[in-house]
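Starting off, we have a lone chain in the form predicted alone, written out as structure tokens.
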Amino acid sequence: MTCENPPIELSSYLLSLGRAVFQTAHSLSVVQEITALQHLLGRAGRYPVIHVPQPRLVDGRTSEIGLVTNLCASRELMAHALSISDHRECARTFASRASTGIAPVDVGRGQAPVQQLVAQGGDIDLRQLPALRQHVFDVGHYVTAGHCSTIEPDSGADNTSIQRCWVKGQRLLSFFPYSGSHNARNVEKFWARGEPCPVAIWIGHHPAVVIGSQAKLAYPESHWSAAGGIAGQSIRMVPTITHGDRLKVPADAEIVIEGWIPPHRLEADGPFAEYPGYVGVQIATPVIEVTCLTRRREAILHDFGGGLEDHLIPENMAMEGKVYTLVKPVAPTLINVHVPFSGRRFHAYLQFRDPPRGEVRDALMAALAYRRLRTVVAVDEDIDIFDDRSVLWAMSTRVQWHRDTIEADGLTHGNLDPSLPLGATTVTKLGIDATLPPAPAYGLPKPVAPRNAVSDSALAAAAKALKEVDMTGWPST
């Protein structure tokens, strides 16, 4: 994104996409029908942004708030939103932009579109939001793309992170911060003092801000400079109505829900369709007592499809930048990182150019230290890390398991991994070195048989033969 003409709000971004947006002509229900559309499009390998101007609420009425989903389902669209020419460059770009940063700027309420309409007290009814009940086993309607913002009480540093929130009543939400997350630590610190934790949930923004705010940072550290660096310009911030300057939100968001997390109050939450692709079990979570809801006049609620590409790709791209930042200092020959959708958030691929002996193992250990990852595969630059088949080919033809794998026991990992044994708090992680041994001397080839190939002239002749052919109906892999 350039600073000269930034489409820094969601509605402007949607207009700029043209045919890449599928605007539904029918009023689809907030109960499964919109998510079903994502499933059908994904099965066809199509990932347009889905805009539902008039979603149908549970009681049959049409919502006055629109809904957008699949906003982040395409890596190509995400790269376009960030003015990155190729989505394969995201790891290096994220690492560079997040570390540089652009400081946010404060604006007043009159300059904040997200505070054009304000509801407080009895005027709030969260049930009028078009929050989806996405899948068969979901217990209720969830705000899925809500960026939950809390503060660290000693430093005042804010944190923003996407957490699911079940709409439990007119002014009550559940709130699920993962154990050990920065938001969870903030809540625990307030509770240790016997105090409620201030919270604000902002929903909907230009995708550069959505993905930029997911930058992986130290604790406690505000996200807004990193988000500005990734988005390419300062994020405009406005004080919340409830918490004032103590807790600010993006002025150009679509909707903000403000409130308090009361001390030590836990309620049942779930089941819910989680990102690993399985139904998450019922758990006990904090709740949010809502004090204020602000929004644009023509607000659009952003939804993430649970466990679908739309849910995973923005987080995975942010993870690529984090892993690159962790590994590059110990492995200078690292050239790229990919966190594939096929591995959800548990796998990463590292790509190297002529690594010396030992460096790949150093890199694998550095990457495995990242809490979210469970398996890391290292390959050479001739392997396309954005093609699972290419990575699997390297694993099947370049790896001897006794020689080329590293197991690390007792490491931390995300608690939503469905393979975790009951009661387990740590996991065994695996590093796989699928790189070739170094060449015996500088300038000599690596010790591997040549790859099957055809000549450039033969490829040109074959391409010419296909040029005028209609391939409609031909089978694919």
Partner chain sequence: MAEHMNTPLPHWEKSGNVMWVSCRSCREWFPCAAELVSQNKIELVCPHCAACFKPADAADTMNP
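Numbering follows the first chain given and starts at 1. As the structure is a computational prediction, the values presented were derived from the model and not from experiment.
From this point on, the text means the form predicted together with the partner chain, which you will not see here.
**Student:** Please tell me which of Thr397, Gln282, Gln111, Ser155 lies within 4.5 Å of the partner chain in the model of the complex, judged by heavy atoms.
**Tutor:** The residue from Thr397, Gln282, Gln111, Ser155 that makes the contact is Gln282.
**Student:** Check each of Glu274, Asp252, Asp138, Glu258 and return the one that places a heavy atom within 4.5 angstroms of the partner chain in the model of the complex.
**Tutor:** It is Asp138 that has a heavy atom within 4.5 Å of the partner.
**Student:** Answer for Pro437 alone: is it within 4.5 Å of the partner chain in the model of the complex, judged on heavy atom distances?
**Tutor:** Heavy-atom contact with the partner chain at 4.5 Å: absent for Pro437.
**Student:** Give a yes/no on whether Glu267 approaches the partner chain to within 4.5 Å in the model of the complex, heavy atoms considered.
**Tutor:** Contact with the partner chain, yes.
**Student:** Report whether the minimum heavy atom distance between Tyr324 and the partner chain in the model of the complex is within 4.5 Å.
**Tutor:** No, Tyr324 is distant from the partner.
**Student:** Indicate whether the partner chain has at least one heavy atom within 4.5 Å of a heavy atom of Ala408 in the model of the complex.
**Tutor:** Taking the distances in the model of the complex, the answer for Ala408 is no, it never comes within 4.5 Å of the partner chain.
**Student:** Only one of these stretches, 41-49, 443-451, 420-428, 27-35, has heavy atoms within 4.5 Å of the partner chain in the model of the complex; which one is it?
**Tutor:** Within 4.5 Å of the partner lies stretch 420-428.
**Student:** Within 152-180, which residues have a heavy atom closer than or equal to 4.5 Å from the partner chain in the model of the complex?
**Tutor:** Stretch hits: a single one, Trp166.
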